[in-house]
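Shown here is one chain on its own, the form predicted alone, set out as structure tokens.
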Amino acid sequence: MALSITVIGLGYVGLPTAALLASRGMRVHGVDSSAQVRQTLASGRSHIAEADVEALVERALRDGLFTLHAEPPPADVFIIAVPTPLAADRTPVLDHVLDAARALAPALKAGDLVLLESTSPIGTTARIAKLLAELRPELRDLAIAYGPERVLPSRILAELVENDRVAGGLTPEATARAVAFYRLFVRGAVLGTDAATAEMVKLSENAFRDVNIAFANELSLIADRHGLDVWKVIGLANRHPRVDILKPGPGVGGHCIAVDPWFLAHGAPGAARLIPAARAVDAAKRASVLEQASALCAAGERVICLGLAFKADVEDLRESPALAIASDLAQRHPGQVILVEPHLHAAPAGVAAPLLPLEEALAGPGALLVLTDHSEFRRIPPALLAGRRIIDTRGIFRTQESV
């Protein structure tokens, strides 16, 4: 009999995971609180833009290996893949995770494996175990573990299979069960550890990237003060055999790097010094870009914002610095801001500026504010850039005149 899996949360991680597991012949129950999400998926369409996911969903539905539910049905393995956002005061919000644990509790049976995949503060897996013990005290042999994803938008399905994975249980038995499960579909190494270590590993990975990007952005701010080309500085510095400085940008975004460092800092406020400093640099870089663009608007220029997504060649707007900067600029200077985002069909809600196709936006005058390095922007003919003021936060037009 095929292994049955209940995946709670059908977002950017949960849906590709569910689709992948179903493609391997497992019986997958997809659970999402949104009726609209369930309806979209039931029609064979995906509500997220991710390569090949929609085709896997349609096939799994047709083959009867993927079913959709508002509440978790019984299964052998339960995967929690719900959001863990930040509150306004930058404290982790675990409501979705705890609600998922409460929802799956009635469906549990002896010997089930419960896997938390949502990025979470250290100690969250143990907190889930405590909650489940209170709700189902008669179940004493549950295996509860943490198995964070390591995926990149636009490559999620491939990276779920190819990347190494860490699996940390609350007991050695739970670790062994989690490792064995992931080895069913992961070609990379599956590394067993304890739950708290696995939680800190995930947060450390993204905090590392955030701190290093902050260093690059701080260099860009310093270079601006001296009238230097930071891209040239970094390129030459990286010729050192032990130096590998990352690329600057308008700030970091996405569901991980802009959020996860705060989970570490929140858990150890007296010890975390570098992480909050890196987050402050990120805020300073965003503010600097906004002020540069605002100065052009104040001088009477129309500003064309190139890109709203948080990274190149995706439509993902989560925690996007590009979206935040463009929105603030449009609010400051009504009627002077144009948006260009090839992966969207309409301007995001709340952004008071028109969204135009690239060709139409460049048909008229205006300075360029490069916020996302989409491939389409890199192919803009030099003739359409001539004479324009350019604020190039991504370094794609370095041969052109820039401010």
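Counting begins at 1, following the sequence as shown. If you're wondering where the values come from, they're calculated on a predicted model, not measured in any experiment.
Although not depicted, the form predicted in complex with a small molecule is the subject of the following passage.
Partner proximity in the predicted complex, defined as non-hydrogen atoms within 4.5 angstroms of the small molecule, places exactly one of 281-289, 97-105, 244-252, 186-194 at the interface: 97-105. The contact with the small molecule in the predicted complex, taken as any heavy atom within 4.5 Å, belongs to 84 out of 84, 327, 124, 175. Only one of 60, 37, 361, 53 comes within 4.5 Å of the small molecule in the predicted complex through a heavy atom, and that residue is 37. In the predicted complex, residue 149 approaches the small molecule with a heavy atom inside 4.5 Å. In the predicted complex, none of the heavy atoms of residue 302 sits within 4.5 Å of a heavy atom of the small molecule.
Within 4.5 Å of some heavy atom of the small molecule in the predicted complex lies at least one heavy atom of residue 153. The shortest heavy atom separation between residue 47 and the small molecule in the predicted complex is within 4.5 Å.
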